[in-house]
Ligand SMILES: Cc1cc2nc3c(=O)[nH]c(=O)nc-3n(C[C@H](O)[C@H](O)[C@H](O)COP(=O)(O)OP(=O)(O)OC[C@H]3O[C@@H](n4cnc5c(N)ncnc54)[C@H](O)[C@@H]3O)c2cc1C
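There is one chain below, alone, in structure tokens, taken in the form predicted on its own.
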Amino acid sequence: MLDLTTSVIRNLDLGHGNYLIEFGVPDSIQQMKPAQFFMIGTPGSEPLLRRPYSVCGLNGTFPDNQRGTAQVLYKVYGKGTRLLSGLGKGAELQVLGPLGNGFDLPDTGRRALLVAGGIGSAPFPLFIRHLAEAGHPAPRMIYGARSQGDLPLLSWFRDSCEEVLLTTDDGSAGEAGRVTQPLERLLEQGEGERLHLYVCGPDPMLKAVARLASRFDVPCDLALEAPMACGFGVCLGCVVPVHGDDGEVRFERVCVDGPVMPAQRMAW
């Protein structure tokens, strides 16, 4: 874990409040696993606390990124992300990472199926690169959001995945509805025997996908999201209920024990 003061290389406006920020990192950061994250702070005293952001890309993830950099995908929701979106080339960032644990590759004979909800697509570009480097076939993806404008990097995903199935709440892109609709159809067709689900998005989506994974007995890893003040296990602000090995429900920290956790462990 490194605590860095680094500089913005570029801060790309992807439209509809979505941004991809690129900043310099030392070589050791290039060993990060997909779904590990940074705690990032902007210059000045506000906001006081850093915010967690999944690593989206490293060397070679995107064809036009510079070497010795990392990329983070984010959406403007509040004051912190609004300040982040206003940073230009050369602006300073405070970056703590890598933090948490990330996605592991699927077992032999199983193909990755990525399930993303909006900005929950953030950890998947790096994961797709890791799959390719390990000789796994290109994954399939189910990508859902409220509307067409909430599907950042869609063109990149279409070029990098075998297939991308889209769903939007308002029907402006793909199928009208939720990601669970095409996922349930795939699992009912018996596809679950050959799949490993990797999921990132809002909690209601994670819970719904976890229920389907349990119903069809499909391996499923969730990249959880939670408010964090520190990112390394001290503040205890990001705990979630899980099933322990003894069957008892206990609380674990998303920042240290996660953010990736097997769906069957969650005690929702």
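Small disclaimer: the values here were computed from a predicted structure and weren't measured. Throughout, we count residues from 1 along the sequence that is shown.
There is another form of this protein, the form predicted in complex with this ligand, and it is not shown here; the text below is about that form.
For a residue to qualify, one of its non-hydrogen atoms must sit within 4.5 Å of this ligand in the model of the complex; none of F62, L131 and S160 qualifies. A122 is the sole member of A145, L183, A122, L113 with a non-hydrogen atom lying within 4.5 angstroms of this ligand in the model of the complex.
Comment: this ligand is not present in this chain, but in the model of the complex one of G190, G109, G78, G90 has a heavy atom within 4.5 Å of it, namely G78. Put simply, L73 is close to this ligand in the model of the complex: some heavy atom of it is within 4.5 Å. Put simply, K33 is far from this ligand in the model of the complex: not one heavy atom of it is within 4.5 Å.
Residue contact check for M228: one or more of its heavy atoms lie within 4.5 Å of this ligand in the model of the complex.
Contact check for P52: a heavy atom falls within 4.5 Å of this ligand in the model of the complex.
Only one of 204 to 212, 220 to 228, 23 to 31, 62 to 70 lies within 4.5 Å of this ligand in the model of the complex by heavy atoms, and it is 220 to 228.
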